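What follows is a single chain, given as structure tokens, in the form predicted on its own.
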Amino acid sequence: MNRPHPVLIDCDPGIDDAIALLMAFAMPDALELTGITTVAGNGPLAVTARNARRIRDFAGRHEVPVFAGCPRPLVAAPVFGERIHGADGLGGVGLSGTSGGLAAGHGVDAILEQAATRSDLTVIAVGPLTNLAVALVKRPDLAGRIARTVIMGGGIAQGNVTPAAEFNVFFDPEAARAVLDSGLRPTLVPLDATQRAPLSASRIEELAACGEGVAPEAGAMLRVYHGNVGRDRPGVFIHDAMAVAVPVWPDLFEIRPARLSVCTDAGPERGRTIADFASAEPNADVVVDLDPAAFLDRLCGELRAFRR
């Protein structure tokens, strides 16, 4: 990239969202973070909006506006992720700095306004897709205004909240379906990709022991995350940071076109993401392979080097 690329991140922090935000803040030469919109998902909207501000202010980037968006899924009752991320959404890890205020206006309107004024805007959505779906319903021409959309969500082979469904899609499958049917043609980063790159306990401890910058707190959050998902696992999957990596480090990823759909029926298949890679009418591009070691090396390197 010759100049920083304007990026809006739509998120529901959440520990892996926090790591994704810190990664984005750590690369000002590659990414110009123009705003953060928050949505209910890993926690209620009040929690995710507060956590986005906590991460922003901890990173020393007070100028980046944070907008609160949709407080619940389009149709279903919310099922939050406190078991994985802790009651406060960030594993109970204290972050230095005060939490500044929210920007005026709704997150949905922030997406619309930024897309209207920035022809090269990339939207990286790493939470449930409620905000983006409502924005597309409100302004269907939005699909032609966003230069690129990268979504962390879905699992082609299997889910992580049910055998069929990944959390972000399961939380609001109607929203995910609306986004895929909108003509937006996003790049999808599914579990099939993110689960190929577990961050080991030893690398987490290396971050926590850095002693300066954002790495110690990042390591502390990831330590809690690892404990909550199971210390018998080889590591933790930093799902959301991979979505930030796709536009910055395209050399690491293999992407294929596919026709995606989402099951919105009640029952065990609800939230399943279905991919047809042989379709003559693709509506998305899917990350199907990557260099896991290089991704983790670069991610940890950015976190270790980031000084507020």
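One rule holds for the numbers: they count along the sequence shown, beginning at 1. In this text, all values refer to a predicted model and were calculated from it rather than measured experimentally.
Not on display, but discussed next: the form predicted together with a small molecule.
- Between the small molecule and the residues Arg50, His239, Arg56, Arg272, the one pair within 4.5 Å by heavy atoms in the predicted bound form involves His239.
- Just one of Ala135, Ala193, Met152, Ala218 comes within 4.5 Å of the small molecule in the predicted bound form, counting any heavy atom, and that one is Met152.
- Stretch 161 to 169 is the contacting one of 161 to 169, 199 to 207, 68 to 76, 227 to 235, since its residues have non-hydrogen atoms within 4.5 Å of the small molecule in the predicted bound form.
- Heavy atoms of Val126 reach within 4.5 Å of the small molecule in the predicted bound form, making it an interface residue.
- Within this chain, Thr38 is remote from the site of the small molecule in the predicted bound form, having no heavy atom within 4.5 Å.
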